[in-house]
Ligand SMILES: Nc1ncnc2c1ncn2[C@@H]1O[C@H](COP(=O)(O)OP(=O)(O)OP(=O)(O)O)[C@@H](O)[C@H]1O
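As a starting point, one isolated chain is supplied in structure tokens, in the form predicted on its own.
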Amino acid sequence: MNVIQWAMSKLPAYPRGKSVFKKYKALDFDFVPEKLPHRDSQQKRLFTIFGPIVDSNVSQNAFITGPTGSGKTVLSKKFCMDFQELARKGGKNVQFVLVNCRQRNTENAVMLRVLSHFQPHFPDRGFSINEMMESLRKVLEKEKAHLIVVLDEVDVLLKKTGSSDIIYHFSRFNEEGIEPKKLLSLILISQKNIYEMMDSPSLSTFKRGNIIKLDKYLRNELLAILSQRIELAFHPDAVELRVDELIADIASELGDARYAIEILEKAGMLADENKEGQVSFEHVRAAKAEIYSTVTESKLADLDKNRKLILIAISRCLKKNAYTTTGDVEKMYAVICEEHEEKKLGHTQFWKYIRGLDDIGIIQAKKSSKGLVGTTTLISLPDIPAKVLEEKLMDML
């Protein structure tokens, strides 16, 4: 008996019973469904951009941008899978490799990931970028293949390295030799405008018109995604009617499909944990409560300093109150700006920032009811304690 078997034998038995899940993998962030709801037009645009690879043996590039959870990564994967099959039917060998630049945030790490698609045991050290590029060229020529390199979260790589050389190298990859062969195309994915992070030589090699912009999902679009995942992932009748509507309502403030799917997955896990056999509204509410703190941190991290200072002011005003007013928050904000030696915003800009924080769901802002003198806006924190919010923001600053 090995150590793991011995340890497991000491644990009490917990009978699982029948799970609500039929195909758990369908809720994984890396899962690519047969059809992407509400992304048909973007996929058609990618086929239009990259079609000449098959028709005319040329290289192309594209930039996919959009907020978190708008389907950038899954769109690129689905397109590449479908395009690879289309090319195969046309007698052309198209390969693709997706590199997560948050995980592989150096040029060498990116190149190693690309090369390992063809040569799994390629040495992880001892080669320069130019030598690795030449090795890639040889393998593509040998296999008579055209490679689409997808750099996901490429802004992380550009920021970490402080250079866009890797994009320059990939973009110029096809220009070697008297009669250069078109062997490589490029897809860049980022929430941010990467053009501001690229130098002039790199920009000159990259077609800036091939931009695919994804908007955040609307409620009805999230509902379609949830309905699809419920059908794929759960046994029939294992999810209570209208649970998908509740999750769509919750996630629609962000328009984030990942958030919606994560709530669905967690709700299913809670149903299994309680051996209740069906995902209910209460499981959804409990799932949201567990997940929200992670989502909140992600939203807070994307805010600029002034928005963070406004939220600190709100949290201080709400430590002993259910609601505060914009007037009180603006006064507290002025004090906090002095503490942090930051120039405070004017009233109009301050008000716009308050509305923006309401739009992304960190705060709730509503007009005061009757009984208060004049009209004002009441502010509350719907999902996170004021003390916790201030602590998180202070740590970030």
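Sequential numbering from 1, following the sequence displayed. Treat the numbers as computed from the prediction; the structure is a model and nothing was measured.
Not on display, but discussed next: the form predicted together with the named molecule.
- Site annotation in the predicted bound form: the residue of S116, Q84, Q191, T161 reaching within 4.5 Å of the named molecule with a heavy atom is Q191.
- In summary, among the residues D272, E107, E265, E153, the only one with a non-hydrogen atom within 4.5 Å of the named molecule in the predicted bound form is E153.
- With the named molecule left out of view, the stretch that reaches within 4.5 Å of it through heavy atoms in the predicted bound form is, among 334 to 342, 32 to 40, 46 to 54, 350 to 358, 32 to 40.
- Shown alone here, I261 lies within 4.5 Å of the named molecule in the predicted bound form, counting heavy atoms only.
- Contact annotation for Y217: at least one heavy atom lies within 4.5 Å of the named molecule in the predicted bound form.
- Proximity of A287 to the named molecule in the predicted bound form: non-hydrogen atoms within 4.5 Å are absent; the residue sits far from the partner.
- With a 4.5 Å cutoff on heavy atoms, N174 does not count as touching the named molecule in the predicted bound form; it lies far away.
- Of the residues in 61 to 94, those that come within 4.5 Å of the named molecule in the predicted bound form through at least one heavy atom are, in sequence order, P67, T68, G69, S70, G71, K72, T73, V74.
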